[in-house]
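Let's start with one chain on its own, the form predicted on its own, as structure tokens.
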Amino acid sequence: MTKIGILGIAHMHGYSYARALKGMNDVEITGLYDDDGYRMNKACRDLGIKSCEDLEELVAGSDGVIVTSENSTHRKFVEIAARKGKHVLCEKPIATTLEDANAMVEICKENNVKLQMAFPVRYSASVRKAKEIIRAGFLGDVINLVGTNHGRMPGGWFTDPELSGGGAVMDHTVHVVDTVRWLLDCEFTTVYATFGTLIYDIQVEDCGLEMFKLSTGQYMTLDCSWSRPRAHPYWGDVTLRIVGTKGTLFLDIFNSKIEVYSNESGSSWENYGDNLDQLLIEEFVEVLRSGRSPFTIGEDGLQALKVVCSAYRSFEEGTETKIV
């Protein structure tokens, strides 16, 4: 039996991960801890799992832990797990500062702990197929890329800069950066970013546009805005248009869905494609059982955060910024 604890349930993905674990054989959720007692108890009732007041005891009694707390508290939970030698799946972004991210990667190395990042987009069958196509040379030389990661404004702690580290740029950039790094075996070298709070009365940015240069020579743009209205029947998207000298490839990663119209409930989209959260959790369980390195590692989270931090610096300085 593989035993997994959940540390923090602030992020909505925590619910999805818990449900995925509950559907797996020979997996036990040892319990859930959250700094917010009301949030912890509500989630435990909703998910049918045990609440744990003693964080250290929960970690000690688990083979691994999943961290889905607020962004700024990831380091605290990862360090507790690492000191007890427990492998970790950490929600994205890895942290809100490079200091925290570096410390998380280092303490996991020091304690021989696997740090897996929650970058589920890489698990999409369409993304894996795209990598095959690019490697086989069917696009020729890749010239440029255009990406989007739109979504609804999540509200709550996501709009508190102390807890989230930023708005749409922090929330949505990392997914696409990680996907492109893997697809092209590249790093992001420079960024010019502009963003603003244009739609909602909140303390963080809800719209952002970034232009990057990649280590492999291409330029790329990314719209990472919280621009989906609440009436929209689907949360958001991740898209990539990859232009090459021989052809163009378009990825619409969450577009495996059926649109449904109803007199009672209006329109909705029912997803029939890959359950990326399920694939991510299955990977983590396999990492715990086999001891192999995860598909998405702590260093991937660190590299994605470097891009985000440089984007904020670019906006503040009003100039193209080197990513370091």
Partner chain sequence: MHSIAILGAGMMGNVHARAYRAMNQTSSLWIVDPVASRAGVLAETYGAAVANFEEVLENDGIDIVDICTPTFTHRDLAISALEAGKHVFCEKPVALKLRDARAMDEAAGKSGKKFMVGHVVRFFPQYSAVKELSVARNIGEIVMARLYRGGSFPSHGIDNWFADPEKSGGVFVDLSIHDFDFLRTLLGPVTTVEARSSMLSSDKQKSSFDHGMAILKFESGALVHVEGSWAEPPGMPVGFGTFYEFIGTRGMITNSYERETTLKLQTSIEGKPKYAQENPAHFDPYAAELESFTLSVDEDKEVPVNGREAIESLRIALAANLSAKLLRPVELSEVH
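Positions refer to the first chain, counted from 1. As the structure is a prediction and not an experimental result, all values here were calculated from the model.
Beyond what is shown, the protein has a form predicted together with its partner chain; the following relates to that form.
Would V146, R228 and G318 all count as contacting its partner chain in the model of the complex, using a 4.5 Å heavy atom cut-off? Each of the three qualifies.
To verify the annotation, which of these, G208, G165, P93, P120, has a non-hydrogen atom within 4.5 Å of its partner chain in the model of the complex? Checking each option against its partner chain in the model of the complex, the one that comes within 4.5 Å is G208.
Tell me, which of I80, V113, M153, V142 has a heavy atom within 4.5 angstroms of its partner chain in the model of the complex? Selected residue: V142.
Using a 4.5 Å heavy atom cut-off, state whether D223 contacts its partner chain in the model of the complex. Output for D223 is yes: heavy atoms within 4.5 Å of its partner chain.
Spell out, yes or no, whether the shortest heavy atom distance between F195 and its partner chain in the model of the complex is within 4.5 Å. Although its partner chain is absent here, F195 would touch it in the model of the complex, with heavy atoms inside 4.5 Å.
So in the model of the complex, does any heavy atom of R241 sit within 4.5 Å of its partner chain? Yes, contact at 4.5 Å.
Q218: heavy atom within 4.5 Å of its partner chain in the model of the complex? Yes, contact at 4.5 Å.
Pick from 100-108, 82-90, 134-142, 166-174: which stretch has non-hydrogen atoms within 4.5 Å of its partner chain in the model of the complex? Stretch 134-142 is the one.
Could you run down 235-268 and flag each residue that has a heavy atom within 4.5 Å of its partner chain in the model of the complex? Heavy-atom contacts to its partner chain in the model of the complex: R241, V243, G244, T245, K246, G247, T248.
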